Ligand code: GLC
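Next up: just one chain, as C-alpha cells, the form predicted on its own.
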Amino acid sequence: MRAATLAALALLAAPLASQTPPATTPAETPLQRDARMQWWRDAHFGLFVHWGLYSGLAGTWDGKVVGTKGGMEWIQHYVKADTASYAKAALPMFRPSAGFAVQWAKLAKAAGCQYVVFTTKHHDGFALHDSKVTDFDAGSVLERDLVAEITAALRAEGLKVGFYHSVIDWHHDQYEYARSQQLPHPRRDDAYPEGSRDHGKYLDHLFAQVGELLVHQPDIVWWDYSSIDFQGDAAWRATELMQKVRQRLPAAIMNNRLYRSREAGWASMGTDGYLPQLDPRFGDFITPEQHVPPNGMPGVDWETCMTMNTTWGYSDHDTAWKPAKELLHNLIDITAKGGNFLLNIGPRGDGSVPTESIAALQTIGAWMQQNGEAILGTRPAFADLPFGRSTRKPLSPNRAKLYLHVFEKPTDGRLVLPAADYVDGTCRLLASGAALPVSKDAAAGGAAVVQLPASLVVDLPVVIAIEHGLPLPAGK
C-alpha cells in the first residue's frame, strides 16, 4: 500500500500520458461482465488486511520510533535498510500464532464484511505462501503456507477471498528500481550492488509467484502499484499478467493498479488522483485511497480503501484511531454513492488484531445485524440529503424499498424527501419494525415527509425503510 506521506511527493498534479492499450481485449460481453461483477457490486463492505514482516517491527527500528503517523508497512523504505539488514531485524519478530486466521475470519464475518483482501506479498518482497521460487517466504522461514491458512479460514466463514499482491519488490536482486523515480525503494539513490540487473528475470519471478497463488483460486486480485514513469506492459508485462489470471480464473475481479494512466482511471500520482472513468481492459474497478469521491463515480465500479488510524501495517505508536461512528458513516456514504468500502486492519506480528480495531468492527457489526439490508445489494437513491444518505433495493418488478440513513435528527423530527411518491408506502424503523407516518406536505411543495418519534435518539445512524410499488429514483 502506498503511504500518503510519500504519495504526495513527485508529480502530484502532473497530467498522465495515455497508456498504449493492450493488444487484445476481453472476450466477455457487457452482460457477462455485469454477471461477473454482480456479487462485488452487491457486497459494498470488505476487510483489508496488511500483514507481513513489517508487522512485527511495529514502527520501531533499532530501538527507535520511526514515526507516529503514516504507513509502517514501508518501514524498510523509511530507514533505508538493505534486504539483509531488514530480514535480520524483521524475521525474528514475525511469529504467527496457530489460530490467527480464524480470528480474522470470524471478526470480518461478524462485522458484516462480505469479502477480505489480505497481503500475500508487500513491497518488502516477503511472500506469505509456500513459494518454490524463493527462500524469502513463509514456507522456507516458518514451514507454513500462511496464504493457505488464511484462505481456508475465510472460506469456512463463507467470505469471498482477495489477494493483495505487490508488483514492487525491494528484496529481489533483479528488480530494476532505478527505472522509476516515483516508485519507492529503500536504496533507490544507490547503484545496484550487483552492478547491473535484468528486470526480465524479476518479471519471470513475479509471474511464477502469481501462478503459485492462483492455485488457491482467489475471487479478487488486488495489484499494487504503478507510477507515471513505470507502469503497464513496460513495467510488469501487465497485459500478459492479467491474461494469466483470466485464463486460470475467468470469474476473478482485478483492480486498476497495474497501470497509472487516464484510461485506467488515474489523473496523477496522488492518492486523490483518480478519474471517474475506466477502460475495462485495464482493470475492473478504481481504487481511491483514503478518499471518498464527493459525488461517487456513476457508471464506474470503485472501491475506497481506508485505514482505521493512519497506518496500513501495524504500529505501536499510531493512536490516531477513527471513531467507529465515523467509519460507519463512511460505509453508508460510500454505499449511497455506488461504491465499496475496503476497511483496513493491521495485525501484530503474531497475527493478533489491535483492540481498537476489534471494537470498531464490533460496533459496525452490531449495526449491520439490524440494518445490513440497507447496505447489502443496494444501489444509490437520492443525492445527499440534509439529514443523511439514502439507498434503494428492488424487491420485484413491482415492489422496491427505499432506505433513509439518518445521520442527524432534524430539530423538528421531519425527514423531507425530494419526491412525493412515497406517501402510500409502508414506512418503518428498520431496526425495530415500528411503523412511522408518511404524509404529503403542502408546505414542503407536496413532498413526502416522514415524521420521526420525539423519543428517537440518533447516535449511530438510524435507518428508515419505505416499501412501495412505484419506480425508484434514478441511480447507478
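Just so it is clear, the model here is predicted, and its values are computed rather than measured. Heads up: residue numbers just count along the shown sequence, starting at 1.
Note that the form predicted together with alpha-D-glucopyranose (GLC) isn't included here; everything after this is about it.
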| item | value |
| --- | --- |
| Exercise: residue 123 in contact with alpha-D-glucopyranose (GLC) in the predicted complex, heavy atom 4.5 Å | yes |
| Proximity of residue 224 to alpha-D-glucopyranose (GLC) in the predicted complex, heavy atoms at 4.5 Å | yes |
| Contact flag, residue 318 vs alpha-D-glucopyranose (GLC) in the predicted complex, heavy atom cut 4.5 Å | no |
| Partner contact for residue 312 in the predicted complex: alpha-D-glucopyranose (GLC), 4.5 angstroms, heavy atom | yes |
| Output flag, 50, 289 and 305 jointly within 4.5 Å of alpha-D-glucopyranose (GLC) in the predicted complex, heavy atom basis | yes |
| Stretch in contact in the predicted complex with alpha-D-glucopyranose (GLC), which is absent here, among 384-392, 320-328, 68-76, 199-207 (heavy atoms within 4.5 Å) | 68-76 |
| Residue among 164, 115, 236, 175 with a heavy atom within 4.5 Å of alpha-D-glucopyranose (GLC) in the predicted complex | 164 |
| Answer option from 129, 257, 405, 337, heavy atom within 4.5 Å of alpha-D-glucopyranose (GLC) in the predicted complex | 257 |
